[in-house]
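Only one chain comes next, encoded as structure tokens, the form predicted alone.
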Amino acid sequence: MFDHVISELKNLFSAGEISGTEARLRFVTLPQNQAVKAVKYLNEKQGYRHLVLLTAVDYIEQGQFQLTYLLHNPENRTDIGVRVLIDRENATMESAHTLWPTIATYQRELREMFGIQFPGSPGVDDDFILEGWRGLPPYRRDFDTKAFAESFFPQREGRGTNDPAAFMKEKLYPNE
């Protein structure tokens, strides 16, 4: 079902790793400079007209973000995830807003929550969820949630911190 499409992606866009064990889902990793071209090709030539989502993963140890464009072909009911790795320090990716106007919303969210830039995307620099936020984007793995909570929310008497494993062991097995 995917053989022809995957073969085309390899030939036209220097596709790297191909993965997926589900009958109707495959993931392909592409170079950053080929990803949007490949997404456009899948949309216009291979019937993957529906953008399911655009998301990111922070691989802080490798200094990279992984973006995944998940596309659906309604005719043959298959999905392809196009993965691209981008540099974490200069997190910039070409916008695909001309293909799907709704992708601008995903790009706004990824800019605000991860700090990934999508130059030229409509409204990408407008506040989205975190109105007035000026600090480190909160979905980055180096964002210190505990320090943020301690500085932003007042401490209340009686509030404590428990080691989750020890706390659950005490609650579930009090006699051990």
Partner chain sequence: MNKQGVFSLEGDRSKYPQPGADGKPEIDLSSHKYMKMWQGPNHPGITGNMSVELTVCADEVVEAKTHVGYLHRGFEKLMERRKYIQNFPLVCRIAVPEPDYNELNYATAIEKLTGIEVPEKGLWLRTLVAEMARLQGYLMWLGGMAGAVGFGTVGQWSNYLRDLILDRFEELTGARIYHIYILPGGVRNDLPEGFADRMEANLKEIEGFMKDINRVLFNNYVYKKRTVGIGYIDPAWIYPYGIVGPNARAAGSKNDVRKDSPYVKYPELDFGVNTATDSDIYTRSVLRYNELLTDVDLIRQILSKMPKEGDFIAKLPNMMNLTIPAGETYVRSECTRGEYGYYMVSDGSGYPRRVNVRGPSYTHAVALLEKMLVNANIADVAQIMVSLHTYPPEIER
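All figures in this text were calculated on a predicted structure; none of them were measured in a lab. Residue numbers count along the first chain shown, from 1.
Below, we refer to the form predicted in complex with the partner chain, which is not included among the displayed structures.
Taking the partner from elsewhere, every residue among Arg49, Glu109 and Arg140 has a non-hydrogen atom within 4.5 angstroms of the partner chain in the predicted bound form. Contact annotation: Leu12 falls outside 4.5 Å of the partner chain in the predicted bound form, judged by heavy atom distances. Using a 4.5 angstroms threshold between heavy atoms, Thr68 counts as touching the partner chain in the predicted bound form. In the predicted bound form, Glu131 approaches the partner chain with a heavy atom inside 4.5 Å.
In the predicted bound form, the partner chain stays beyond 4.5 Å of every heavy atom belonging to Thr92. Annotation for 68-90: interface residues with the partner chain in the predicted bound form are Thr68, Leu70, His72, Pro74, Arg77, Asp79, Arg83 [heavy atom within 4.5 Å].
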